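Let's start with one chain on its own, the form predicted alone, as structure tokens.
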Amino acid sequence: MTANLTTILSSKTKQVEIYRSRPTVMIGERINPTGRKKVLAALQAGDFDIVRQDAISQVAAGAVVLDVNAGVPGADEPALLKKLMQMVMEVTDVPLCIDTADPEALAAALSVYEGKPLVNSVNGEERALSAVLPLVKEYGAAVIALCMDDDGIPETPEKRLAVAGKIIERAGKLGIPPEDVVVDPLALTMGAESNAGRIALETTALVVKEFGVNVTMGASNISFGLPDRKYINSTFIAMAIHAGLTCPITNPMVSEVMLAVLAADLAMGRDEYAMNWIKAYRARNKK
């Protein structure tokens, strides 16, 4: 078993440590217009109040890192992403995850960020490796490594592991240490592929065993298109934490998911004397 590594993220005033023996780090997913018509419409209209409120609400619900995505069709993404990040940094002090597929937007966002962010993301495609990794190195960020490459998304855990290894190796050649590469084994919807959950869980376990790096995933993707998603998501996320997931990207506003994370941490011995569980219980019962 490879030693577990610690990934450190920071804002101007706060530091977050991601480590497998510590409580799960929740990355809030809601500042993203993709699939959220209300957010998309607001951003298209130049209304940023929903972004501010989403940032505040997610942190209050338990997110300790916030994902920020500015993928509005037809918008000037570099300018919009910088604006969104600055607004979020005005109302919260948690580290940010910069979510963009546009290298120009990524460079713009990194240039205004104070601290050490998480970049979402790079994959094993040569074009992505060449465009993203130098920026990650230049700005001293950490980066999410998606287990897909020029051949698409591998169908087996072993092939996804190989892509993760390729990205870690390429990052290392640029001086990016393995602890700053957070692997995403890819959670695809089980509504389209019955084995999607199993493959993601098995890939997670292989990545942890081989590299000891931290693991993330868009955990809500696993239930896309299915009814009663909150129950699927909460069950899956608990199983993924047992497999080695340390920093899921998901919706902290869904109480079933947050409770599953807290219960999984407790069961894994990461909540000393159940203090986090009890604290959350008391907070719920004050309402």
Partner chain sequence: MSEILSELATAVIEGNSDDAIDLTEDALDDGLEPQNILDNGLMPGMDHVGVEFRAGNMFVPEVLRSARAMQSAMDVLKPLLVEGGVEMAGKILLGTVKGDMHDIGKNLVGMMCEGAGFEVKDMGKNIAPEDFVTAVKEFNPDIVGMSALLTTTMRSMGHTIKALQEAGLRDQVKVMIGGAPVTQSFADKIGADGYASNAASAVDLAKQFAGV
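Quick caveat: nothing in here was measured; it's all calculated off a predicted structure. Positions refer to the first chain, counted from 1.
What comes next is about the form predicted together with its partner chain, which does not appear here.
Contact between E77 and its partner chain in the model of the complex is found at the 4.5 Å heavy atom cutoff.
Although the partner is absent here, P178 sits far enough away that none of its heavy atoms falls within 4.5 Å of its partner chain in the model of the complex. When its partner chain is considered in the model of the complex, P157 lies well away from it, no heavy atom lying within 4.5 Å. Heavy atoms of T189 reach within 4.5 Å of its partner chain in the model of the complex, making it an interface residue.
Against its partner chain in the model of the complex, the set T6, A263 and M268 makes no contact: no member has a heavy atom within 4.5 Å.
Comparing 50-58, 236-244, 255-263, 65-73 against its partner chain in the model of the complex, the single stretch with non-hydrogen atoms within 4.5 angstroms of it is 65-73. Though its partner chain is absent from this view, in the model of the complex it lies within 4.5 Å of a heavy atom of just one residue from L129, A162, M148, L201, which is M148. Annotation for 194-229: interface residues with its partner chain in the model of the complex are F224, G225, L226, P227 [heavy atom within 4.5 Å].
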